[in-house]
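In structure tokens, the next block holds one chain alone, the form predicted alone.
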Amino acid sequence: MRLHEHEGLDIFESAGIPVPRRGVAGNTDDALIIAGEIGYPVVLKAQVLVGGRGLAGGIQTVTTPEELEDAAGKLFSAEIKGLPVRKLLVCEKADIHSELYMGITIDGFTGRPVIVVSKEGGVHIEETARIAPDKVISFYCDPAFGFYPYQARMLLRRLGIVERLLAICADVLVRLYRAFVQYEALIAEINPLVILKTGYQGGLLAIDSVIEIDNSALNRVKLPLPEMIERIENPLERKGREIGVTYVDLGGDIGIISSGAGLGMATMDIIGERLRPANFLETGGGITEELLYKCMELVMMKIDLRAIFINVYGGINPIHEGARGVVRYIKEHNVTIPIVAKALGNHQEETWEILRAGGVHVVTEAPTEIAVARLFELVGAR
């Protein structure tokens, strides 16, 4: 679960990391009140769960109430990379001397936390790592040992941080690591940590946050946050969460229902060679008649759908029960678009009979490519 910037800054503040004065506004009037308390100039930052907000116009600096009213009105009526702006973070404008990047994530090869620092703070850190890797320094942690100030100082010396800033920057980095561990994060990032002109001997502010918490840790990590489902902007993806399946909305017109993440990804790739998937959907572990009925309902919500492709495997799953849900939906809603199904495993013969009786094109061969070829025969290219 990715946190909004203002939620991440709250975590940083509780961890002892210096952050700007700020407030969260749900409308222009609230933004004016917060800005009046902080004092101008202030920065308005759209609170949407995507990166690159600044480049997309989602961050604005204003110096007067009139400028704020105009900028906030435009932001509240805007979309940033397709997401509506419902909240603004109003925060003090920092008088910046220089910037640092500090981030921690889990290395996919070793499974250990890796700490990354750079003098090239800001939105282009990934580009910096690609074209100038010498400007990005990393350190792999041993979770059993932890991460201590002397290690942080060694790491920052490699980056060329001057001695008068070394101790305070190291303190922020250690505190960031502790928050990363405490909240069982997949990533915790300060981008940027700024060194202030007025406090060059010791003034720092973390003026942006990126924190993503492992979903499996949410029951252990107690945060005063809305439920994850309230963060899902896409209505189809929200419905998928509500019925207990993994659904990702895509831009195509071939609906997909699969009984596993790996099977679903492979199905999507094979379909994508000749057609355009409308979604990714995997049912998870338990197939029931009601679940497959709801999956059909969800997939059919997509506008301009041309066909549905079902790819399920029955190990212990009663796929014949799922077939009843598919057919019940077809009959109740008079579905006329082609539906191709490959269903193998537990009760497969019974499953085939149920699906065929409902007008589904059943493919009994194991390779998914054969079933996709049948789908292509029915719908052709667009």
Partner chain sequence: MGILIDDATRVIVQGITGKIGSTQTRWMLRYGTPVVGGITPGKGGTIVEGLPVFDSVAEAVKQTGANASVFFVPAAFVLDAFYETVDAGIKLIVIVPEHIPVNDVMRMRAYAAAEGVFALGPTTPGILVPGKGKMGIMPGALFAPGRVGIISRSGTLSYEFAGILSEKKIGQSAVIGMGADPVILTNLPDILSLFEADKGTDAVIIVGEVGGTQEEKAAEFIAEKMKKPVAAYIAGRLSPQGKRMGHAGAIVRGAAGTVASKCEALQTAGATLLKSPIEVLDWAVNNDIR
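What you are looking at is a predicted structure, and each value in this text was computed from that prediction instead of being measured. Residue numbers count along the first chain shown, from 1.
If you look for the form predicted in complex with the partner chain, you will not find it shown, but the lines that follow are about it.
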Q.
Which residue, I161, M268, V85, L89, is the contact with the partner chain in the model of the complex, using a 4.5 Å heavy atom cutoff?
A. M268
(Q) Please identify the residue among D171, E237, D95, E290 with any heavy atom within 4.5 Å of the partner chain in the model of the complex. (A) E237
Q.
With the distance limit set at 4.5 angstroms and only heavy atoms considered, check whether D214, R220 and G262 all reach the partner chain in the model of the complex.
A. yes
(Q) Is I337 near the partner chain? Define near as a heavy atom within 4.5 Å, in the model of the complex. (A) no
Q: Mark E13 yes when one of its heavy atoms lies within 4.5 Å of a heavy atom of the partner chain in the model of the complex, and no otherwise.
A: no
Q) Would G103 count as a contact of the partner chain in the model of the complex, using a 4.5 angstroms cut-off between non-hydrogen atoms? A) no
Q) Looking in the model of the complex, any heavy atom of Y329 within 4.5 Å of the partner chain? A) no
Q.
At 4.5 Å between heavy atoms, only one of the stretches 297 to 305, 69 to 77, 151 to 159, 180 to 188 reaches the partner chain in the model of the complex; which one is it?
A. 180 to 188
Q.
Under the 4.5 Å heavy atom criterion, name the residues of 313 to 330 that approach the partner chain in the model of the complex, in sequence order.
A. Y313, G314, G315, I316
